[in-house]
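Taken one at a time, structure 1 and structure 2 that follow are two forms of one protein chain, written as structure tokens.
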Structure 1
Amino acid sequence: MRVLMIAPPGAGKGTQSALIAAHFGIPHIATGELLRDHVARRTDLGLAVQEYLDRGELVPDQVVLDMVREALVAAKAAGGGYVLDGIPRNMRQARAAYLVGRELGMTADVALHLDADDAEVTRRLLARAALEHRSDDTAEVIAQRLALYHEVTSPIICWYRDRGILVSVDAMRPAQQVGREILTALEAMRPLLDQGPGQARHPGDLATLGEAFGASG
């Protein structure tokens, strides 16, 4: 099972990614954790990341993709499954990640889209900010993050839908309920995925299954 996650801030991507990884016994590849781990271990990639951070610059896509490639190679050796969380954030990353996956024979089986409206994720993020005493997650900052998400992510969702691997799940409900439905849907998809790349898969197969388990859009 190879899953990549697409979700707005506050939709529960980290929670659901960890649940899927634990259920299927596959690596949870979280790009933020990869970056922190490489920096902590002072690897060549980590030293490069630290230089960008020290200059107050964004880490370039290629550096992140190099880390993801390394993680995918390890995941392939461990059995071939993964949950990818944190990339892609734009179409350029989506295409680049696809090329890396294709080169390694590790392209995603499912692009899992956690669908939640702005009002709900704003409520969640403000509640989390209050709980964690975070001053950076203000309503204004959250609105900016969501606007950016919608601007750059809509084309990604359409692209995965056209490829026939998009499954949208209603993430407006309690996390435990969402998680149960995700796992049920993914388990139902297993026979299709087990056909392997040599077998034709109708583009609507996964999407239709997703709709049956609480999907929207």
Structure 2
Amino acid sequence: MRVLMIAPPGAGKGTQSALIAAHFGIPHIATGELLRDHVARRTDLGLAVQEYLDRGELVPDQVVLDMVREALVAAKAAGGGYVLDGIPRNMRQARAAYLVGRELGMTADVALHLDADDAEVTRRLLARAALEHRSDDTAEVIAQRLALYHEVTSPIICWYRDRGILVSVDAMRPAQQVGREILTALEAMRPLLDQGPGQARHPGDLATLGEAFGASG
């Protein structure tokens, strides 16, 4: 199972990615976590990206693309499945991730879109700020991250819809309920995905399934 997540900050991307990874026994590749780990360890990369994270801006594409290529190579050796959480954030990253996936023979099966409105995700992020003290969970930086999401990330949703791999889930509900719906949808797709490499899937199969499970459009 190869899944990539698209969601505004605070929609539950990290929580649901971890659930999917545990359920299918596949690696969870979270670019934000990888970057925060570099910052915490004060590596050269961490020092170079810290300001972007603190301001809620995107780090340069090539930095995350290099990290993700390395993680995908490791995921391939571990069986080929993955949950990509945090990338792509813009159209250039979407195309680049697709090309890396093609090169490694592991393009995404599903683009999972968690749909939640700004007021709800802001409320959740401010609640998280009280517990986790992330440098980017202040009201001002949250607003910046959301603006960026609407401007450069959400337009790529159409691209996945056109490719027939988009599944959209209403993430306004409690995490457990959202998680159950996601696993049901992914389990329903599994028989199609497990077909051998010689049996090419028709993208329409997934599009239809996506619609059955609430994909918009």
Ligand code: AMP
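Heads up, when I say rigid core I mean the largest set of C-alphas that superpose within 1.5 Å between the two forms. All residue numbers here refer to structure 1's sequence, counted from 1. This one's a predicted model, so the numbers in the text were calculated from it and none came from an experiment.
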inquiry  = Tell me which of the two structures is the form predicted in complex with the named molecule, please.
reply    = 2
key: Per-residue C-alpha change between the two structures, D137, threshold 2 Å, rigid core fit   = yes
key: Core superposition between the two structures, C-alpha change of A175 at least 2 Å   = no
ask   = Any CA movement of 2 Å or more for I157 between the two structures, core superposed?
value = no
remark   = Core-superposed CA shift of V39 between the two structures, in Å, is 6.8
